[in-house]
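In what follows, one protein chain appears twice in different forms, each by itself as C-alpha cells: structure 1 and structure 2.
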Structure 1
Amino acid sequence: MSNPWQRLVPVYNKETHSRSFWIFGAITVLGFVLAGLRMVSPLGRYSGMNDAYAWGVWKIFNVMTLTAIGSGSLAVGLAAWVFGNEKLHIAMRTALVTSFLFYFTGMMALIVDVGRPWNFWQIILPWRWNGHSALLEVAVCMPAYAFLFLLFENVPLVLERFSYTGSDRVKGAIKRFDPVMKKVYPFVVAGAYLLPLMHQSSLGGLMLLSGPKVHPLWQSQVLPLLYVLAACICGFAFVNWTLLFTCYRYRRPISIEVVSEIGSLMSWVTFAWLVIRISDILIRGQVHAVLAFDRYSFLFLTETLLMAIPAILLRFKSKRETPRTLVTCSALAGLGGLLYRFTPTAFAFTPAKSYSYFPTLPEVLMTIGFISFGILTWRIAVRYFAILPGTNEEWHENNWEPLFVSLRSRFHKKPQGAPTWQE
C-alpha cells in the first residue's frame, strides 16, 4: 500500500465561493458586527450573564472549551516533533492552521467578554501580575502562544507560498531568511509545546478556586491534568476529523497509515485520561455520586462513554483502518473531550439557587459567528496555501492562484476558469 500523502498541495480549481461560502460569510459578518456593538455598550445588554453565572458562553465555550479542539498543534506536534513520529509531519499544517484559528477566535471572544478590556495593556508590566492566578497564566500564555509561537510555526507555509509566487526580490529575501528561521525553529517549537501544556492545564486550574461551587464529580485536584489530556484528545480528534472530512470533500485519497496512527494515539491518550478520571473518582470516594442517577451522574456517564467507546473501538486494527469508523470515533472522542471541559464551567457549576444562566441570542450569534469565521478562513487557506496532504500528481508548481484574484474576478465577471499567476 503506497502512501497517497506525499506532499502538501493546495486545493486547485475548486469553487471556493459557493453558496455555503456566502452563508458562512454572512454569519461571520453578523457575529463581528455584534462583537463591535458589544464593545461600545454594556455587557448586560448583550448577554444572559449575571453576578452568579458571571462567565457566559464566550469564556466557557469559546475560550475554555473550543481551544481544546484547537490543541491539534500541541497533540500532533508532540507526537511528531517530541516523540519523533515521522509519519505525522504531514498532518502538522492542518493542525497548525486550525489551532491558530481556534485560538484567534478564542482571543477575540475574550476581548468581547471582559468588561474593561482597555486595562489589558498591563499585561506588559510583569510587576502587576498576580503569580498565584491561573487566569493570569491564561491571559499571558494564551495570546503569547497564539500570536508568537503559533504564528511563527505557520510562517513556513506563507514563505513557501511566496517562494513560488512572489517577485524575485521577495524570493531573494525568503532565501536569506530561511536559514535563520531553520536555526531557531526547533527552539521555538519546544516553547510552542510548553506554553499550551501550561495554559491548557491552567484552564482546568481556574475552576479549582471555585471550590464547592463545582460539583464534586468534577471538582478535583486533577482538573488541570485532565484538562490538558482532554485537550490532546480533542486535538487529535479534530485534526483527524478535519483531514478526513476535508479530503473527502475535495476528493483527495486518504492515507490510512496516517489517520489510523492519529486514531491510535488518540485512543491511548483517552485510556490514560479514563484511568486518571476513574481513579480520581475512586480515591475521592465519589462513587455514590456516579450512581446517584441524577443529572450529574448522567452527565458523567455520557462523557465517560463518549470517551471510552472510541478508545476501545480504535484499538481494533480493522476499525482503525476504516475511514468511516475513524470519522465517527474522532467525532465521539472530540465531543466527549469538549463535554468534559465544558461541564465544570457550565452544567456542574452551581453557584446559587436563585440564579440561572442561558445564553442570549446575541451571545450565541457571536459564538457561531466566530466559528464560521474559522470555517471560512480554513476554506480559503486550503485553497491558497499548501495545507492539505495530497499526491504528487496533484502538484502543479506553476498553478498557485494569486491571492484575491479569484475573489476579484468574481465581482468583475472576468473570464471563467482559474487565472494563473503569470496573468
Structure 2
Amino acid sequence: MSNPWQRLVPVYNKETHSRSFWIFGAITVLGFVLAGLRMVSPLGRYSGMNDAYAWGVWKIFNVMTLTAIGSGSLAVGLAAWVFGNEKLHIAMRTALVTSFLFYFTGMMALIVDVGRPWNFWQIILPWRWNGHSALLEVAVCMPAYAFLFLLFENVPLVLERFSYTGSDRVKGAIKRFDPVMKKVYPFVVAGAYLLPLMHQSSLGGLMLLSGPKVHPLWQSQVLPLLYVLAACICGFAFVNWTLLFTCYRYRRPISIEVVSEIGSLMSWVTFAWLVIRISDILIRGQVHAVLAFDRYSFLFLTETLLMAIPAILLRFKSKRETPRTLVTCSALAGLGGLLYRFTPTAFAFTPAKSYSYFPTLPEVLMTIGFISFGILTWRIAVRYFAILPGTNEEWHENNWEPLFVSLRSRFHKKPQGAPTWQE
C-alpha cells in the first residue's frame, strides 16, 4: 500500500469563515477583553486564588496541562530526528505548530496570572535572577523554548510560503538567507529538545517540593521523570489525534503507516510510564491508598485505566491500523496524561485545611478564550501555510491563498469526494 502523504499542502478547498470560526472568534475576544481588564485591575476581582492557593487555573491548567499537550514537537521530534524514525518527518510541522500554539497560549495565561508584563524583560539579566527560587528554571526555559527555539523551528514554513507568493525581492532575500538557516538549524534543534526536557521535569520537581501538601499517591521522588514521560504521551496523543481529525475534516487521505507508528510509540512510552508509576507505588507502600476507594483512589484508578487501556489496544496491529480506534485511543491516552498532570496541582493538592479554591467565572472564561485562540490560529495556519500532509496531486502553486483574504473565500467551490475515513 502506497503512502498518500507525499508532501505538505495548505488547505485550499475549505471555507475559512465558517460559523464555527466566528463562534471561536467571539469566545477568543471575550477571553482577551477579560484578560485586558484583569491586567489593569487587582487580581482578586478576577480570580478565586488566596493566600494558600497561589496557583489558580491559569497555572495548573494552561501551564501544567496545556504544555503537556504542546509537547508533540518534543515527542515526535525525538523519534524522528534523534532516533532516526524518518517516516515521522511528515508529521513534524503539525507537531511544531501545535506545540508553539499551546506554549504561546500557556505563556499568555501566565502573564495574566503574574501581571506586570512590562517587567518581564528583566529575565534576560542573570544578575537579577532569584537563584533560590524553584521556579527559576521554568521561568527561563519556557519562554526561551517557546519564543526562541520553537519559534525558529516554525520559520521554514513561513519562508516556504513567501518563496512561492513573495515578490522577486523577497524571493531573493529568502534564497540568500536559506544557507544561513541550514547552518544554524541543527544547533537550534539540539536546544529545542534540551529545554523542554528541563522545564517539564522542573514542573514535576515543583510539586516534589510541595511535600505532604500533595497526596501520597502522587507525591514521589520520581515525579519529575513521570512528568516528562506524561508530556511525551500527551504530545504523541495530540499530534496523532490532530492529524486524524483534521485530515477527516479537510478530506485528506490518511497515511495509516505514519499514524499507526505514532500510536505504537505512544503505547510503548505509556507502558514505560505505567511500569515506573506502579513500581513506585509498590516500593513506597501505598497499595492501601490505591485500595481505599476514596476520591483519591478513584482519581488514581481513572488516570491509570485511561492510560493502560489504549496502551494495550495499540499493541494489536489491527487496532493500530483502524483510524477510528486510533482517534479513540489517542483521546483516552491524552486525557489520562492530562489528568495525571492536573491532579497533583488541583484535586490532590491541600496546602491548608481552612482554605479552598474554585475558579471564578472570569478565570474559566479567560481559560476557554485562550484555548479558542489556539484553535482559531490553527485553523488559519493550516489554510495559509503548508502544514498538513497531502498527496502530490493536491499540490499546485495556485493553492496558496492571499494573506488576510476577504469574504471572497466564502464563494470558493465546495470540496469534492467522500472523506477517506476508514472504518
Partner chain sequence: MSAGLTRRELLRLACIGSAAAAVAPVETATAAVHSEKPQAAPGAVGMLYDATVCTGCKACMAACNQVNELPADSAGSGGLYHAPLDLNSKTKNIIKLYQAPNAGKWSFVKRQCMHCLDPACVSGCPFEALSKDPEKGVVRWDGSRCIGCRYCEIACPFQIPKFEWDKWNPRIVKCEFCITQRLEKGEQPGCTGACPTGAVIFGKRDALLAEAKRRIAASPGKYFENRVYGEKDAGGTQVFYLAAVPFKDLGLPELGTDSIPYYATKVNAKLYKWLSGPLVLYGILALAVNRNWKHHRHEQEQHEAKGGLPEQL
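Numbers follow structure 1, counted from its first residue as 1. Just so it is clear, the structure is predicted and the values come from calculations on it, not from any experiment. Rigid core here is just the name for the largest C-alpha set that superposes within 1.5 Å across the two forms.
- It is structure 1 that shows the chain in the form predicted together with its partner chain.
- S133 is among the residues whose C-alpha shifts by 2 Å or more between structures 1 and 2 once the rigid core is aligned.
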